[in-house]
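Below, in structure tokens: the form predicted on its own, a single chain.
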């Protein structure tokens, strides 16, 4: 693994695809954009190289389906093109602000994922030399910079022009550029935002992530930080360093899942599919993880003596992954006796940390591209800490740049709200905790093996919960007229409550607040009135009786109680309006099993409210901007 270096800022996860070759470009471009819709977007566009060498552009605010309709009249003979789904950062969602963007001459066009932080200064300079702009975006300046460089110091070389333009920009970018000056060529550049490339007998391809290429090839090239690439119709891909020296052996990897894994199959939506895939995902992750000496984590290249010497851990993540971090801290502190600090990456980056040669930073990111999380890792690495990534995406920035990686092997997760990646990350965090505990002598091998054998039961326990989806469908009725709701839990269940509340907010747009149950009397109880939905996570645990006391308090005030409880818990059943039952499990394992009920509950509430559970408004799958 390479050391972390450089700054990480970017745009929300826009989608880029490009193709040049023997085939018609438009079908691949539109299919690629559809595949990348899960990343979130508000507009879409394509740029095609017409038969006469000129560029043809179609773009619009709205969905890829609307773009495809507008493209229906185009001739099907163009074999080179780039396309984009945009999430607005600079400038409102509109036809004019949609990508691609052109220069003044109309002979250079670019698509871009990222943020150009000094675009205002560059725009003012370009306007001073006669350039005019048609949009409010930062991206448009790239096309003008390329035009200037191409006609000046680049001396007619498109890759040189893109390289010179990149050298003047500050921020982050994944760029694909086409020009009628060099028909058939696509030039790409990358800093901060991901871009992958592929070559086949049919041509050369570019995309923001591997899901758009998975039905084309199983082998892709990672464009590394600061690199550029030239794609040609023959399928030839030349990768350059920032100084335009050729990279002899570009970094690549093999896609380890079938393209069908990113299709909806027979499910009504991707969220339903991904909830159902959790047992299989966890089985893949657990397979072969117990060796003669304990937990096997092949992706951790740290020497065991360094692992044993770790005396402080920072766990950094955002959103759902931050909830994983909260439970990871519990596992690590209980089993490995190592003090842990868990921070939201957006706050962590602006605080001071105590770092020594024995400090470990664990970053948790489903996509491996979350800007705040990557910035935190780079900061810690620069200060001398070792960095381990827990991520789902093979070849992601987090995986490539860390000292070690644990792939959660959940497969592609298309729905914006994370489900199977969350539970797989929790299992990965438990595996890491056991690994650390054995390495520093806090847990004997016999106990490590016992915990691992318990973990092997998780998939079957989740299958039992999945079979009880009807309980969540019925409980969704509690939210029919609700404007807000409260989620409560104690101990590890407090984090389950947080994740349940987040899922409800994300996909149903219903306000939900999560609180440690013991803190309810310090504020949130004021919200409770007759009919107010309160979800209480109260499985069998050492703090069950305490949580039942809190349950009684909301019940006495007329709340509509949705209780998640262990099979046969009569006391809880007597106090609940709706029951979500889970099979018995060790306390530390319960968050991995229990949360599945809350995922299904959120989905049923969202469906009842007429929401798109796969693509909730205002959200992207990963946020690559600070």
Ligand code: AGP
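Computed from a prediction, not measured in an experiment: that's the story for all the values here. Numbering follows the first chain given and starts at 1.
What comes next is about the form predicted in complex with the ligand, which is not displayed.
Exercise for the section: Have a look at 481-489, 120-128, 533-541, 412-420 and name the one stretch with heavy atoms inside 4.5 Å of the ligand in the model of the complex. Expected result: Of the options given, it is 412-420.
Practice task
Report whether the minimum heavy atom distance between residue 169 and the ligand in the model of the complex is within 4.5 Å.
Solution key: Residue 169: no contact with the ligand in the model of the complex.
Problem - Residue contact check: residue 79 to the ligand in the model of the complex, 4.5 Å heavy atom - result: No.
Problem - Interface membership of residue 139, the ligand in the model of the complex, 4.5 Å heavy atom rule - result: Contact check for residue 139: no, nothing within 4.5 Å of the ligand in the model of the complex.
Problem - Close approach of residue 506 to the ligand in the model of the complex, 4.5 Å, heavy atom - result: Judged by the heavy-atom cut-off of 4.5 Å, residue 506 is in contact with the ligand in the model of the complex.
Exercise for the section: Report yes if all three of 188, 223 and 396 come within 4.5 Å of the ligand in the model of the complex by some heavy atom, otherwise no. Expected result: Heavy-atom distance to the ligand in the model of the complex: none of the three under 4.5 Å.
Handout entry: Listed residue (501, 380, 318, 476) with a non-hydrogen atom within 4.5 angstroms of the ligand in the model of the complex
Key = Only one listed residue qualifies here, and that residue is 318.
Exercise for the section: Would you mind picking the one in 496, 278, 85, 367 that has a heavy atom within 4.5 Å of the ligand in the model of the complex? Expected result: Contact check passes for 367.
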